[in-house]
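Here you get one chain, nothing else, as structure tokens; it is the form predicted on its own.
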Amino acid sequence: MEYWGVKVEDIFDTMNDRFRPEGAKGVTAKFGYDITGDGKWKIIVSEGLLEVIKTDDLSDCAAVMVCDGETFVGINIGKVDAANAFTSGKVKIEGDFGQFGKTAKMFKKYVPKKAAMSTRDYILDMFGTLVSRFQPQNAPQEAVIVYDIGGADGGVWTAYIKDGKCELKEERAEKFTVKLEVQEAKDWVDVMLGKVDAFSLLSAGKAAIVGETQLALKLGEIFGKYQDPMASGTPEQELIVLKKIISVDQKFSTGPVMGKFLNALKEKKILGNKCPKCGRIQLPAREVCAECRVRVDEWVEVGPKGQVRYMEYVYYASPDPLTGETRETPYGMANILLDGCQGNDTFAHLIRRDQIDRIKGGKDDVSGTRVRPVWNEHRTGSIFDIKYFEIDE
């Protein structure tokens, strides 16, 4: 039987872990516990050691506590006043009362195990505490933030921020500043508990940001960190990080076509090769026309200027596989139709970071922003011999 969620057995089962040898110094005795309706236990204390036995024979004990299970559990978890229990007769000590009093120093306080929280419990607690975690000094003047948490344990909540105040409603606002979409509630719980990085969910397609991404990135400042109710309060062990760049002795062969293309970059030349059948210019150059499937041997110098056909704003940069470094974000990755090329044979490269908001993409016969390459002074035959493209002004 449970009392306040605790069984009598729970208390005896944890006695060895809670035993304090220093509190039992000089004590050699047997003590009994006759818990009415729940059973009898005997503890044997000798030379700083403890043994706990469930038994029906308490005849050799120096003292025996007699009480019912509810009172016994209540005293151990602080729900029942021990002094009142003794004076009211709910607890009796048979035998050497003075000896039994020594047991008080032998054990650490019993702490009931916390019941595990379900994903739904966490979701409700996270949004239940959202307003109390609001940090108005870090919030915009006005914003509407929708949390669309999927799965059976999820739901939809909208946080309305205005004039330093935050109000949360369990509803879906049709007009919002930013909306966070998470496919599974458990993923959101893991993010909030710090078990999973939010960017990994985004990159895996398990979550999405709709609207103002910059605001979404500031949510950790607008709302204080969620405190796990199940946390013990004990500081977590510091993680040890060893940063090391792994050196792999490998050599990549570019092949004759790509090698010629890269070598030309040293001379500030951009080379494509022209299909003898359809006439399209491939950039970067490839040995075979991807459409006609015939070998392509004619080389043509193109650009170096061109027009932007479209550009992507990149907010989440993947680490460079060679250096492990990550570019500063946001940056613009553009597809540029170099002079001399046609159709979709564009050249992908970076745009000067301070100009990305000025870039306009072209479509059909409408030209995009004209750009030109900015070359590195020290060129090695790499795609990065071009630092980036900038507006041709």
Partner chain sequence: MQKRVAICAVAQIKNDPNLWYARFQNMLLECFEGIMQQTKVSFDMEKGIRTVITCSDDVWDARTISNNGMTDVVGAHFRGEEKMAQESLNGLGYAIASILSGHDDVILYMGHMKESQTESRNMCTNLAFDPFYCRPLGMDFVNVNALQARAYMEKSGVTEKHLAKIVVRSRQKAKGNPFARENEAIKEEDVMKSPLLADPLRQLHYYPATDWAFGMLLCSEERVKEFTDKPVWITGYASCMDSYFLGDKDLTSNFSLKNATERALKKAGIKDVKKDIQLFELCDHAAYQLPMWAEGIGLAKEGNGGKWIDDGGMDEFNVNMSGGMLNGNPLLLGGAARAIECFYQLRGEAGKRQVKGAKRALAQSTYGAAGQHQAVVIFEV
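Residue numbers count along the first chain shown, from 1. Everything numeric here is computed off the predicted structure, so don't read it as measured data.
The next section is about a form of this same protein that is not shown, the form predicted together with its partner chain.
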Open item on the list: Is P256 part of the interface with its partner chain in the predicted complex - any heavy atom within 4.5 Å?
Closed with: yes
TODO: Would you please decide whether A152 lies within 4.5 angstroms of its partner chain in the predicted complex, comparing each non-hydrogen atom pair?
DONE: no
Open item on the list: With the partner left out here, check for me: in the predicted complex, does some heavy atom of E287 sit within 4.5 Å of its partner chain?
Closed with: yes
- [ ] Decide whether V248 counts as a contact residue for its partner chain in the predicted complex under a heavy atom distance cut-off of 4.5 Å.
- [x] yes
- [ ] Would you mind picking out the stretch of 116-124, 240-248, 67-75, 305-313 that comes within 4.5 angstroms of its partner chain in the predicted complex, counting non-hydrogen atoms?
- [x] 240-248
Task: Contacting member of K169, K105, R295, K225, with respect to its partner chain in the predicted complex [4.5 Å, heavy atom] - done: R295
Open item on the list: By the heavy atom within 4.5 Å rule, which residue out of E291, E267, E221, D81 makes contact with its partner chain in the predicted complex?
Closed with: E291
Task: Interface residues of 370-393 toward its partner chain, as seen in the predicted complex [heavy atoms, 4.5 Å] - done: none
